[in-house]
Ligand code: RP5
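Taking the form predicted on its own, here's one chain by itself in structure tokens.
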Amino acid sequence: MPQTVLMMGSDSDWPTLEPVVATLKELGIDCAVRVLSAHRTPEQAREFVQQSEKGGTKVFLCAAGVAAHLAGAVAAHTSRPVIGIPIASGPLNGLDALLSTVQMPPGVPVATVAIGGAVNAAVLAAQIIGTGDAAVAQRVADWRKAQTQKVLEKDRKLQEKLK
């Protein structure tokens, strides 16, 4: 089983979540991806979480919109870190999902990123894994340096245009 698992409540969330898998891949971390619902497939979701944990999964990333119960349901079945990714959907455009994801009861935490925050969720998962894996920690540090260089290069190009 991969070190990370990405679970989404609906396949319609995939376009928002593709950057999770791409970023993890860029950081050298494998990721399993599943569509499982906290409400429509609760038993299958629970079984998958338990099997994943036994198989060595270190971090669960869970995305859902509106009621956004998937991350909390997963957190109820594992002591591994769970990262919630609220999806922009429904009449509140993701605000309801954000609030649902962050308002967990004491003892059942879900780390939560911004609405649609796929890249940050992946980087956070890599940072968590990196606390016990020096190679992953180095790849995250290198990735962040590359991000800095990209911004500086954009600034340089803009300054050239303004001359």
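Numbers for residues come from their place in the sequence shown, where the first is 1. Small disclaimer: the values here were computed from a predicted structure and weren't measured.
The following text describes the form predicted together with the named molecule, which does not appear among the structures shown.
*Asks:* Can you check 103-111, 45-53, 119-127, 64-72 and let me know which stretch has heavy atoms within 4.5 Å of the named molecule in the predicted bound form?
*Replies:* One stretch meets the cut-off, namely 64-72.
*Asks:* When the contact criterion is heavy atoms within 4.5 Å, does T23 count as touching the named molecule in the predicted bound form?
*Replies:* No, no contact at 4.5 Å.
*Asks:* Whether Q147 contacts the named molecule in the predicted bound form should be assessed with a 4.5 Å heavy atom distance threshold; does it?
*Replies:* Q147: no contact with the named molecule in the predicted bound form.
*Asks:* So in the predicted bound form, is the named molecule close enough to R40 to count as touching (4.5 Å, heavy atoms)?
*Replies:* Yes - in the predicted bound form, heavy atoms of R40 and the named molecule come within 4.5 Å of each other.
*Asks:* Please determine whether T78 contacts the named molecule in the predicted bound form, using a 4.5 Å cut-off between heavy atoms.
*Replies:* Looking in the predicted bound form, residue contacts with the named molecule do not include T78, since no heavy atom lies within 4.5 Å.
*Asks:* Heavy atom within 4.5 Å of the named molecule in the predicted bound form: which residues of 1-35 meet that condition, in order?
*Replies:* The stretch touches the partner through G9, S10, S12, D13.
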